[in-house]
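Here we start with a single chain on its own, the form predicted alone, put down as structure tokens.
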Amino acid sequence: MGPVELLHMSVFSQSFSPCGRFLAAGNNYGEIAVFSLSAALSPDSTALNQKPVLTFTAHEGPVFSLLSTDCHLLSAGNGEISAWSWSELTKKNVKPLWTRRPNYKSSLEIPEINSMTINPRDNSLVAGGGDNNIHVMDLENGVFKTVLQGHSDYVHCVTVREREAEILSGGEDGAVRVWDSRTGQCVHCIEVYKYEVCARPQYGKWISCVTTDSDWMLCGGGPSLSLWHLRSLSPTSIFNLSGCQRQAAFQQDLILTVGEGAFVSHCLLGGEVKAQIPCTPQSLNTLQLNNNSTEHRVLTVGGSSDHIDVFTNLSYRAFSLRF
């Protein structure tokens, strides 16, 4: 890859291997890079250990979403989802186990898949994307079994609220929809931009991130990042962050979030922005916490750069991996 491509690279997605020793990252060129965290974190690590052990082209178009199951890496690009064996990837074998495409209404346009999550209740894959729909696939037999219809514009993000058997989705239409995963029915539709405390008309109404922790939901995008109580369906905290937040995560008593701006924000549940930790990329798309391994428990952050920042301590960047 030449200097121009590196200059214009964006990292959109990340996923840790089930063993927690590897990190996969997807970029705007359809490539997936696999990094050895155990090598990069070892005391005698060199610059070479911060480079991928493997880079391959997985899709045409950007890899907007990556997700790991017990033994597979799932990747989404140009309207299709592929599965790769983690054990084969670590041996540098890059043949997909399967590639599936949801049943789109039109065969002409290829809608992007922006977000994927696993519903552990029925071992299904939930994928949201450019055709305004959420497609649910049975991972056992690889069949797309249901389509959740209701968004009037494309879906940016999906997440699962396990205990309640609910799927939540956020879209360009400004709505967060709550779906009953058993019936496929939409049970709530929250138009976040209509709440004055969240609205930021200058940024638009779209929702680019949604995540849950039992009775709580975080969502943001055009509207301010906000914390909602899902039983009362009301916003309880609004985070005063500039720009649009693209990914947020609950981490014990903190909320970690990234978006426009070269930093990870640490927020308190009450709404206070406690710290903003500098990062290498000028704008950030993805943040992942490695909960698959106590030994390699890191936070990794990627965005408008070929660098992926690694935090061994949430308060400062230890080093960067490089595509």
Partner chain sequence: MTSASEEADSSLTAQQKSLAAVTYRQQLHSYQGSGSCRHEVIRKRLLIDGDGAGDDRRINLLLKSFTKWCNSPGTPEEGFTQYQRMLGILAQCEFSMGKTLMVYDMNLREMENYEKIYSNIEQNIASAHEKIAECKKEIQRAKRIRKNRQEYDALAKVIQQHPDRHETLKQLEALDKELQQLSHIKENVDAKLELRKKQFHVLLSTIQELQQTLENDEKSDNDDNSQESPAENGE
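Numbering follows the first chain given and starts at 1. These numbers were taken from a predicted model, which means no experiment stands behind them.
The same protein also has a form predicted together with the partner chain, omitted here; what follows describes it.
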message: Can you tell me which of 232-240, 92-100, 166-174, 131-139 lies within 4.5 Å of the partner chain in the predicted complex, counting heavy atoms only?
response: 232-240
message: Exactly one residue in 273, 269, 53, 289 has a non-hydrogen atom within 4.5 Å of the partner chain in the predicted complex; which is it?
response: 269
message: Quick check on this chain: which one of 122, 88, 191, 213 has a heavy atom within 4.5 Å of the partner chain in the predicted complex?
response: 213
message: Taking any heavy atom pair closer than or equal to 4.5 Å as contact, tell me whether residue 106 reaches the partner chain in the predicted complex.
response: no
- prompt: Does residue 196 reach the partner chain in the predicted complex if we count a contact as any heavy atom within 4.5 Å?
  reply: no
- request: Tell me, yes or no, whether residue 252 is in contact with the partner chain in the predicted complex, where a contact means a heavy atom of each within 4.5 Å.
  value: yes
message: If you apply a 4.5 angstroms heavy atom cut-off, which residues in 114-151 are near the partner chain in the predicted complex?
response: none
